[in-house]
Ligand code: PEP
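This document starts with one chain, in the form predicted alone, laid out as structure tokens.
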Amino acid sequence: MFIREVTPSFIKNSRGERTVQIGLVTYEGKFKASAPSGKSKGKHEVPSYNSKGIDRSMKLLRAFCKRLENRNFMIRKIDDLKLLVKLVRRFEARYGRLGGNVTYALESVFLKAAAADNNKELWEFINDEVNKGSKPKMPRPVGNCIGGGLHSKLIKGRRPDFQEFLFIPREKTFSRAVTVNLRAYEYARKLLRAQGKNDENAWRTNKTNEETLDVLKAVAKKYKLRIGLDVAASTFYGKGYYNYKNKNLIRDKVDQADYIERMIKKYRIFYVEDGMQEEDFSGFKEILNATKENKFKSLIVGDDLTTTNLRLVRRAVNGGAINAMIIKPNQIGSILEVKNVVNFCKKNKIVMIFSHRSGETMDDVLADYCIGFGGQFLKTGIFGRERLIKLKRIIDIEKKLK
């Protein structure tokens, strides 16, 4: 794969903020990759950019990309990215960190070009290595319908404390599941009397968590959907307590775990992400153990707890804290590390949810990663062009596989 040109640039994400895009030209064609930006971030995520900011990262990136031009890279599998990573680390040791968003975009654009160089689509290129070329199963969409927490502005001084209220369809095909989620999304707007959308195109409301779950339950019943929550508990945790501003109350660790357990049971919640703060492994374990007594299965999902970091994933899994986890490649800034996490999850039967970020771009590479690595779920918004483009990519792949 001969590198003719590498061009970094700034683009705007779905929140109107600057992020990094990298263009790559080889003899096989032109390729682009960009990095999303999270708003609710785990403290153990790799820094998105250089400590001096995104402008410093761009300056360094431009200098580094000049060193890549007119070089030949033999990338026949994911592990061959190690040559690129070695060059990045050598450069960073001398000039400073590029940041996880930058390395993610760089590795992604190289993988896109490598797949084309091997006459494959990206998901196929990954699947042939990770899953020995077996026919991949389509993931199920996890759709963000109603928003609260850091993703939503206050309405009359209130909003739900939980960050995302989610739908997970039971449909046999991905395309049908997307259609059902869109219908449920519109029905939720009517029941909710929604007052606009947040930065993930989820409906905004000033209802309490329980009132919002009542709406979610009614919609789920009509469309035969499963309910999910991204509690994002770390965003309202401080000084040993969970501070619920919507109802103006506080809960300690024991109360929080008990509250989440009661909500799961009352609303038959299938999916619960970050129900406890990001360093409370024992709290996660308590919730997971409690759900085993229920007659229905629940996924207890780590995101801020695990941050796509193999060391943290090992601790969570070996400690019995989770049975599912979020995979956000730019959290760790390395597709090689994503591969290691995926292999560990498969070995330990941990459900994988590949997830978007709140500040998204029009890059649909997340869909290829989800299918290629064998993710069981893809978490995005239900509506919005940056969300729909990823859903459309999976629908297109599903059609080709048929």
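A quick note: this is a predicted structure, and the numbers were derived from the prediction, not measured. Each residue number is its position in the shown sequence, starting from 1.
Quick note: we don't show the form predicted together with phosphoenolpyruvate (PEP), though the next part is all about it.
Novice: If you check K39, K30, K59, K346 against phosphoenolpyruvate (PEP) in the predicted bound form, which one has a heavy atom within 4.5 Å?
Specialist: Contact residue from the list: K39.
Novice: Using heavy atoms only and a 4.5 Å cut-off, determine which of D230, E286, E107, E278 is in contact with phosphoenolpyruvate (PEP) in the predicted bound form.
Specialist: Contact with phosphoenolpyruvate (PEP) in the predicted bound form is made by D230 alone.
Novice: Just to confirm, Q163 within 4.5 Å of phosphoenolpyruvate (PEP) in the predicted bound form by heavy atoms?
Specialist: The answer is yes: Q163 has a heavy atom within 4.5 Å of phosphoenolpyruvate (PEP).
Novice: Decide whether H151 counts as a contact residue for phosphoenolpyruvate (PEP) in the predicted bound form under a heavy atom distance cut-off of 4.5 Å.
Specialist: Close contact exists here: in the predicted bound form, H151 approaches phosphoenolpyruvate (PEP) to within 4.5 Å, heavy atoms only.
Novice: Indicate whether K328 is a 4.5 Å heavy atom neighbour of phosphoenolpyruvate (PEP) in the predicted bound form.
Specialist: Answer yes; at least one heavy atom of K328 falls within 4.5 Å of phosphoenolpyruvate (PEP) in the predicted bound form.
Novice: I'd like to know if S358 sits close to phosphoenolpyruvate (PEP) in the predicted bound form, meaning any non-hydrogen atom pair within 4.5 angstroms.
Specialist: Yes.
Novice: Each of E200, E273 and D303 having a non-hydrogen atom within 4.5 Å of phosphoenolpyruvate (PEP) in the predicted bound form: is that the case here?
Specialist: Every listed residue reaches phosphoenolpyruvate (PEP) in the predicted bound form, so yes.
Novice: Among the candidate stretches 66-74, 22-30, 40-48, 337-345, which one is within 4.5 Å of phosphoenolpyruvate (PEP) in the predicted bound form when only heavy atoms are counted?
Specialist: Among the candidates, contact is made by 40-48.
Novice: Just to make sure I understand: among 376-399, which residues lie within 4.5 Å of phosphoenolpyruvate (PEP) in the predicted bound form, judging by heavy atoms?
Specialist: Residue within 4.5 Å: K379, and no other.
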